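Encoded as structure tokens, the following chain is the form predicted alone, with no partner shown.
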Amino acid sequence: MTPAHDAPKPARIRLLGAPHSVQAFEIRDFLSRSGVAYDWLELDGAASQALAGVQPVDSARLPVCEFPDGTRIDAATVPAVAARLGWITTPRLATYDVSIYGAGPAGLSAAVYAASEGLKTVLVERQAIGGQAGSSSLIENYLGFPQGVSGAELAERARQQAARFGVDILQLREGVYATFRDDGIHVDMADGSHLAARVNICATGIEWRRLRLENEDRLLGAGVFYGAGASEAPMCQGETVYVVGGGNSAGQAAMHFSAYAHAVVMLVRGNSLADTLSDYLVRKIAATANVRVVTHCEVAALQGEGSLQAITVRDRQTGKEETLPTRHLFVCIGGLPNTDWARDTPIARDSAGYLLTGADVLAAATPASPWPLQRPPYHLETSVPGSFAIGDVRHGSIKRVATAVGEGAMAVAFVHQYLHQA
């Protein structure tokens, strides 16, 4: 049986929405990260609707999503669009051999290897396939892609592999409570359903770190964006945009926007990009005329009513502040582990919230909370036997796509050992 999520994608979707619409941005971002081709029509009053050749649309019905077969969704949302694409499915089995939470490179890798080796596998992702890597405009240092590959394309290829091997992919699904009993994991899902598996692999990754500024939540998706924001690059034509951060994700974002924007300004807290950025990106940025790097600075304030209109930048050495007009700010300042779900479970975390695995589990064990088995935990095994952690969510992980993919494959080898001994 072909999984529902492996159905052919439509030729092209048309999305109509108001300028600076948060709901429209969420759909654009989801479609871009999912590798779905679409056309964006910005409707700002009756005149622009007539120019676009569409029937007048009441603002309350925006955004509108039109599909190639003529069907449409008014007041569209990401879940409604995903459901129309056939991507929201329910579990086929009462119990799986392995459940994997998080469909970034690590989770996708684990799903491919688990299913290809005969394990009944379910992959759960609460957002778009690909995780944070899926929003990267170009990954240039991943083995086998000499010209680079976009995160969305890499994730889509992996999704197709997983689906072909029979993985059940549950997209826009999220677990809210987990218990470890009866030699397995039992998860209550946010939609009221239940998911059970003999073994689980956590690949939930990290959430983008926020600026923690006034107006930040209100302007999110309306000028303030987390990550590379690949779907927003065409909206930056002729403008000056700002990228906050000095890591590889910020550098990749700056290079991507440089092809669209009049100017791209990188705002970096540290002394230089060389301290935090891969050398190949440092050299590319230095050779790009419309990218400028400002060091020793931070964003101090955000201004705007319905959308972002200006930012205030503070010099961290002198304290001097400057307010700069802009409609686009992209924040790429690292992240925090997505492990809040583990608070009420026996899974041990470090002080920053990352999941402990392998030797770190033994080092953190106490008489009150010992490792329960005679054998030591496997390298990627958490403090709960049969529960593994891979990728960015794991304490001590290396934040690279190749490493995440490798850990996904490695975790499946340990899963086989665990199931053989169970």
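Worth saying up front: this structure is predicted, and the values here are computed from it rather than measured. All residue numbers are counted from 1 along the displayed sequence.
Only in words, not in the display: the form predicted in complex with a small molecule, which the text now covers.
The chain is drawn here without the small molecule; in the predicted bound form, the stretch among 314-322, 257-265, 214-222, 125-133 whose residues come within 4.5 Å of it by any heavy atom is 125-133. Using a 4.5 Å cutoff between non-hydrogen atoms, residue 175 counts as a contact of the small molecule in the predicted bound form. The closest heavy atom approach of residue 114 to the small molecule in the predicted bound form falls outside 4.5 Å. In the predicted bound form, none of the heavy atoms of residue 180 sits within 4.5 Å of a heavy atom of the small molecule. At a distance threshold of 4.5 angstroms between non-hydrogen atoms, residue 348 is out of contact with the small molecule in the predicted bound form. Of the candidates 98, 203, 167, 243, 203 is the one whose heavy atoms come within 4.5 Å of the small molecule in the predicted bound form; the others do not.
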